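One chain comes next, on its own, written as structure tokens: the form predicted on its own.
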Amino acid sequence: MERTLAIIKPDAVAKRHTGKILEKIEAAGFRLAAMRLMSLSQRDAEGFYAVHRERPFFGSLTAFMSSGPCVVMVLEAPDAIRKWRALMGATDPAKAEAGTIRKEFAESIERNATHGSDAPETAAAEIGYFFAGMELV
């Protein structure tokens, strides 16, 4: 089994897509190991996305991620990282395949409904950013 961090971003929460996205997650065979509804401060978002600090989109990304509540989760499944990234779809919803979360629920490349870890090392760091070991079931 592998774990990955998943976030339902503020745009999808505001549009009340959380339940539909959770249904897709469960239908795809993921097990929820942890889940929390939270609002990130600007500082929290900057810390989480620190790897992108020098990128031109850093300011707009962190402002967006701190603009409203999001759902932060740890998903577990065999090959969870690859499987979750496939279910999310391409970062740009215009390029995402039909049936993916981003194709169905994202507005744009910046307001793209979900986040997912891209590698086992990233997943471990991202999970640790939001959840203490005892919070994982």
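Remember, it's a predicted structure, so these values are computed and weren't measured experimentally. From 1 onward, residues are counted along the sequence shown.
In what follows, reference is made to the form predicted together with a small molecule, a form of this protein that is not presented.
Participant: Heavy atoms, 4.5 Å, the small molecule in the predicted bound form: which of 71-79, 24-32, 102-110, 38-46 makes the cut? Say which one.
Facilitator: Heavy atoms within 4.5 Å of the small molecule in the predicted bound form occur in 102-110.
Participant: Is there a non-hydrogen atom of Leu61 within 4.5 angstroms of a non-hydrogen atom of the small molecule in the predicted bound form?
Facilitator: Answer yes; at least one heavy atom of Leu61 falls within 4.5 Å of the small molecule in the predicted bound form.
Participant: Arg85 near the small molecule in the predicted bound form, any heavy atom under 4.5 Å?
Facilitator: Yes, contact at 4.5 Å.
Participant: Would Lys9 show up as a contact with the small molecule in the predicted bound form if we use heavy atoms at 4.5 Å?
Facilitator: Lys9: contacts the small molecule in the predicted bound form.
Participant: Please determine whether Thr91 contacts the small molecule in the predicted bound form, using a 4.5 Å cut-off between heavy atoms.
Facilitator: Thr91: contacts the small molecule in the predicted bound form.
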